[in-house]
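Here we start with a single chain on its own, the form predicted on its own, put down as structure tokens.
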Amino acid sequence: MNRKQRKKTAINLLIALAALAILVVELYPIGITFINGFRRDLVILSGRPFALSQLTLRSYELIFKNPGFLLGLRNSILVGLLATAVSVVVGSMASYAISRYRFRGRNALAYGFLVFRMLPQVSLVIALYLMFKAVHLRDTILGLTLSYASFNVPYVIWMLLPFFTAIDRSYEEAAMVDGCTPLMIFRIVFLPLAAPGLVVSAVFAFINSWNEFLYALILTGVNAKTAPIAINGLIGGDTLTWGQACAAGTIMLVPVFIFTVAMQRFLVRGISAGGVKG
């Protein structure tokens, strides 16, 4: 092995070790949460080292009998799917219009969405609270869906812009010759070609909605509270139910894991294609 090959091998080894270290740091809190979900609260609070004899399903039994958490879990799934669908539909149409049509203020509009996405949520949530209260949308699934879509749509727009921009205009012109309307061109031609980007946008929009806490905390009460709010209630008050909180946190990982794995093939293609096209 010559010097150049040894250098390349050493660099690859360093990269692999760095990636492994980052992976361990990222997975450590997830592992702790998963393990503590099978331990009793007293054992967790005592600080005793982990032992197989400590494992129990008691926390999961309690969490699945907790009506507040089950309601929050149902609401999180419902709001996550609805917000993702609204964000992808609205965001894809807006991104298509910005990328394919020439009109005055097009760039300003695109960057306006980007600036809006950069605004901290805390600066908007009070206005949303007052507005939703006035139109009776506070503590409703519809209100929470619209609030989540408000910060997901700009993200979807900018995620899809490279995909729509990279599509050759010859496809569009051929469809127009065949008599397709602009809506048909968007639905029949552009959506299939930008499918990887749509999947990436949907995955990240769902994860953003699933993990959101601040909007759900302020804009909901009892009926539309989500799983993060229900979990937050488990670690408040006089008793600290860490075992149940960890069990609930582990349960919350499952839908995201399933959703991401199911879309993995499109996700990798979409991220790589977006990086090249952008």
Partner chain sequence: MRYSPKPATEGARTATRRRGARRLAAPLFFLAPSLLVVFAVLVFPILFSLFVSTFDWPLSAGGGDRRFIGMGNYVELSVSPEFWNSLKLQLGFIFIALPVELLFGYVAALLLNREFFGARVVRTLLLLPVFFLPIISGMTWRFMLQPRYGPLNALLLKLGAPEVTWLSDPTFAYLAVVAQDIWRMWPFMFMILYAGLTNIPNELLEAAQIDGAGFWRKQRSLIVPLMTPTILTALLLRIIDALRIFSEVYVMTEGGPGDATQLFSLFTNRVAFGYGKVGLASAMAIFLLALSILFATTLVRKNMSLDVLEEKAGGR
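Worth saying up front: this structure is predicted, and the values here are computed from it rather than measured. Here, rigid core means the biggest group of C-alpha atoms that superpose within 1.5 Å across both forms. Residue numbers count along the first chain shown, from 1.
Form predicted in complex with the partner chain: not shown, discussed below.
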{"item": "Residue among Ala195, Leu81, Leu71, Ala97 with a heavy atom within 4.5 Å of the partner chain in the predicted complex", "value": "Ala97"}
{"item": "Partner-contacting position among Ala85, Ile77, Ile188, Leu124 - heavy atom within 4.5 Å of the partner chain in the predicted complex", "value": "Leu124"}
{"item": "Non-hydrogen atom contact Leu52 with the partner chain in the predicted complex at 4.5 angstroms", "value": "no"}
{"item": "Contact flag, Cys246 vs the partner chain in the predicted complex, heavy atom cut 4.5 Å", "value": "yes"}
{"item": "Heavy atom of Thr140 within 4.5 Å of the partner chain in the predicted complex", "value": "no"}
{"item": "Distance check, Ala224 to the partner chain in the predicted complex, heavy atom within 4.5 Å", "value": "no"}
{"item": "Contacts with the partner chain in the predicted complex, stretch 176 to 198 (heavy atom within 4.5 Å)", "value": "Met176, Pro182, Leu183, Ile185, Phe186"}
{"item": "Core-aligned C-alpha movement of Phe50 between this form and the one not shown reaching 2 Å", "value": "yes"}
{"item": "Core-superposed C-alpha of Leu27 shifting 2 Å or more between this form and the one not shown", "value": "yes"}
{"item": "Rigid core fit then Leu217 CA moved by 2 Å or more between this form and the one not shown", "value": "no"}
